[in-house]
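Single chain ahead, written as structure tokens, the form predicted alone.
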Amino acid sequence: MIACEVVIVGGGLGGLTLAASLGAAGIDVVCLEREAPSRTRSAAHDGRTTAIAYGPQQVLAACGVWDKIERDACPILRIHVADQDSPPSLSFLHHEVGAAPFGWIVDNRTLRRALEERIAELKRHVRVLAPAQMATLDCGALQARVTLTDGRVVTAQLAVGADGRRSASREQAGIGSYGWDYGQTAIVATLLHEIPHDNIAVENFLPGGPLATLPMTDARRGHDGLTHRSSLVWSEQTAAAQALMTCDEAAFTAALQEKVGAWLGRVRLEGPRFAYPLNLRRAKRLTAPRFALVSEAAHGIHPIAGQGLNLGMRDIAALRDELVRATRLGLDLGHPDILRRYEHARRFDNGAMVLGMDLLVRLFSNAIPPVQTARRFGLGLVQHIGPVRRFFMRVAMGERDTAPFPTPKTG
């Protein structure tokens, strides 16, 4: 029997961030990850990068993780949005809303490594069990109980589901979900390119789906004279994406060069291509008795604006604040009032973001001429109305519901 205050089902980026945040506050946590560390740390496990907005960056800083990734995090100083080659476009400049960047691009392996290092420093309060797969979840009146497939049992005051869009813990807690497939697949890779990106994130809405290039730190060792790097997120209709994933590197690079155009100069891949089907999945509620959902177990959205992990970070900040407050008052961390406040704090932001991202996908994946005309008019309108443009810039920076209580960095 393993006893703790909070058990987290899922040891991805969301689960590890919550574990580090709670551990830094002195709350005893057990985090369960079904994959072995040798797999989660391998280059083949995850080829994605994460856009960390300014608000969520404050969450990582508060729990002692940010200083471990800052050197490898590339700031975003400008965001450029285009609709194919049409003249109206939208540019956001970070200095219009303050000195801080819009956010930073970090590859997921770097972020995971930093989280694992911080958790190792917090070993008095945080234990990660891996591989450890949940068999059953039983949330009773007095405690949450997770039984693992190997027979071990973890008990806690509160269980948290952070096990992704197909969350088994969500299902066992009796929380329904809804969603749909977009018929698109995102091709993700790291690009080497000839011309510096100048810290500009570009999103170009094409007929098959958006193509984004996100600025990364330069390669320590270049290839073929190319040292500048960007993260590629190329969304295409699934059949077209499958063809791109199976063609050879030369054919893929030629197709990519045509899509990216000349602004980065000559481009090539730094490593392998990854493919991720795109869909929406949202839980019908965030809590059940002695149970809460965070991150993609609560809501999985299209990467159209790079807000997926940032939305999850706001869940983590809100839940952490409630649990820290309860700890200071000596309350049961699974008390219904705590879970009710968490649900209330996240309901509107989650709903608005899920709806907003879904509308963007449908609006910009639409080739009907009147819709194209309307969205291009909208881009031009936002570009020329300062208060509206600054509102969208603050949303991009994640400046909502992210500021946690100050936390001493305990070791």
Ligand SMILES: Cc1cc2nc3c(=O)[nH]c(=O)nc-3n(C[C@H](O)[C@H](O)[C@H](O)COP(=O)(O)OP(=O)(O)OC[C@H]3O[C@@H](n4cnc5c(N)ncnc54)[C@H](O)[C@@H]3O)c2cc1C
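Quick caveat, the model's predicted, so the values are computed rather than measured. From 1 onward, residues are counted along the sequence shown.
Unshown form predicted in complex with this ligand; subsequent notes refer to it.
Student: Three residues, 13, 162 and 310; all within 4.5 Å of this ligand in the predicted complex via heavy atoms?
Tutor: Each of the three qualifies.
Student: Choose from 113-121, 289-297, 151-159, 319-327 the stretch whose residues reach within 4.5 Å of this ligand in the predicted complex, heavy atoms counted.
Tutor: Among the candidates, contact is made by 289-297.
Student: Can you check whether residue 68 is within 4.5 Å of this ligand in the predicted complex, heavy atom basis?
Tutor: Taking the distances in the predicted complex, the answer for residue 68 is no, it never comes within 4.5 Å of this ligand.
Student: At the 4.5 Å heavy atom threshold, is residue 133 in contact with this ligand in the predicted complex?
Tutor: Flag for residue 133 set to yes.
Student: In the predicted complex, does residue 35 come within 4.5 Å of this ligand, counting heavy atoms only?
Tutor: Because a heavy atom of residue 35 falls inside 4.5 Å of this ligand in the predicted complex, the answer is yes.
Student: Please check if residue 182 has a heavy atom lying within 4.5 Å of any heavy atom of this ligand in the predicted complex.
Tutor: Contact check for residue 182: no, nothing within 4.5 Å of this ligand in the predicted complex.
Student: Of the options 81, 267, 128, 188, which one has a non-hydrogen atom that comes within 4.5 Å of this ligand in the predicted complex?
Tutor: The residue in contact is 188.
Student: Given a 4.5 Å distance limit between heavy atoms, list every residue of 38-73 close to this ligand in the predicted complex, or none if there are none.
Tutor: Going through 38-73 in order - heavy atoms within 4.5 Å of this ligand in the predicted complex - the hits are 48, 49, 50, 51.
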